[in-house]
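The chain that follows stands alone, in the form predicted on its own, written as structure tokens.
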């Protein structure tokens, strides 16, 4: 009897395991979407919630990718771009699926490119992002960027060293993490949090030029108006990154004793202190600390004396302070949007004051624009090179 029960249990277990893939989809039937671009359709009515959109999906073609040892698939492209238009992203995606006769598969989606035109229409960007945030097949690590001009043009780039344009864009965004003055890419998970709190934030702004993508600056999304309202230049982006304490790396070029000198940032951090006793007289102190080395000079600069090192440190500090103040002025006077997270600091450390002004921080009476922001930069030169010492 025990043996019969044991055999029956094994049979039931086998049946359960065998039925595990009853709804599985063959890999040949999947359409692997690796990049998407969203534009306003040419005949869109531009009336807010009912704008007609064009969705371009970049789908990988395995036959054109070949193998690492065998090269490509006999001249066949490793991808295809398919576009469709409509007023619902979900319906458009289904239309794309019908054109390819394959089930859309979003788990390999790397980047979503949204045109500046779409992002500038109130509520439309948030509505578009909502589709991807809700989709159980998309992950929160997908990069989102804003394009100057048509977003679909970015997916038409033909990189020489990469068969999939979307993957090339993904790698470029990853590499920007190690460059100064280029916006650190924002992921869809971060955007979800910004939208929930109606916070203002910055997205990478790119354009397609000469078969490559160029960073143009940063698009500023205003939380209360739910749209892109303007941009930060590349120089202002550097100031923004330093103020917000991002892992900035790369050169700062200064005029030191009549010669161009490149100071390479190796480490950077910032501290923000706010005096908030009076909501109408907020004072914000931003302290930026830099560590780096003299990377390049076009003169005969020798940093062998303490006074010379201190002079270079002051020159770099003055330059960075100037850049940071430009970013702050653009945010306060032109954009009137707190993209630096000062409001979060107020909420965390000055909650009672924040409760009095939260509805008028960077909207309404806009206390942010009337706040006083003081920038202090402390620079250290860790290495001065060995060229002249070697000669001596």
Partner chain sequence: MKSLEYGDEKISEKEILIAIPSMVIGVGILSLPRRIADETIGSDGWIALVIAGAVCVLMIWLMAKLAARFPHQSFISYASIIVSKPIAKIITFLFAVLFISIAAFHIRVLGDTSQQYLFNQTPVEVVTLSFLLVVVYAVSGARAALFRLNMLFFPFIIFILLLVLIFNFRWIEPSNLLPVFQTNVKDYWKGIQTSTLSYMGFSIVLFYTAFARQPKKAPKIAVLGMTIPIVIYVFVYLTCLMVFGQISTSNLLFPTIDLAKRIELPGGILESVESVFFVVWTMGAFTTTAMALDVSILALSYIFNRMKKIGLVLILSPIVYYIALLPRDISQISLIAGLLGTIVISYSFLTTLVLFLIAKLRGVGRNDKTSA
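Computed from a predicted structure; not experimentally measured. Numbering follows the first chain given and starts at 1.
The form predicted together with the partner chain is left out here; the points below concern that form.
140 is the sole member of 273, 212, 249, 140 with a non-hydrogen atom within 4.5 Å of the partner chain in the predicted bound form. This chain lacks the partner; the member of 108, 266, 259, 289 within 4.5 angstroms of the partner chain in the predicted bound form by a non-hydrogen atom is 108. When contacts are judged by a 4.5 Å heavy atom cut-off, residue 192 counts as touching the partner chain in the predicted bound form. In the predicted bound form, none of the heavy atoms of residue 77 sits within 4.5 Å of a heavy atom of the partner chain. Shown alone here, residue 277 lies farther than 4.5 Å from the partner chain in the predicted bound form, counting heavy atoms only. The closest heavy atom approach of residue 305 to the partner chain in the predicted bound form falls outside 4.5 Å.
Of the candidate stretches 108 to 116, 277 to 285, 150 to 158, 318 to 326, only 108 to 116 has residues with heavy atoms within 4.5 Å of the partner chain in the predicted bound form. Residues 347, 348, 349, 351, 352 are the ones in 344 to 364 with at least one heavy atom within 4.5 Å of the partner chain in the predicted bound form, listed in sequence order.
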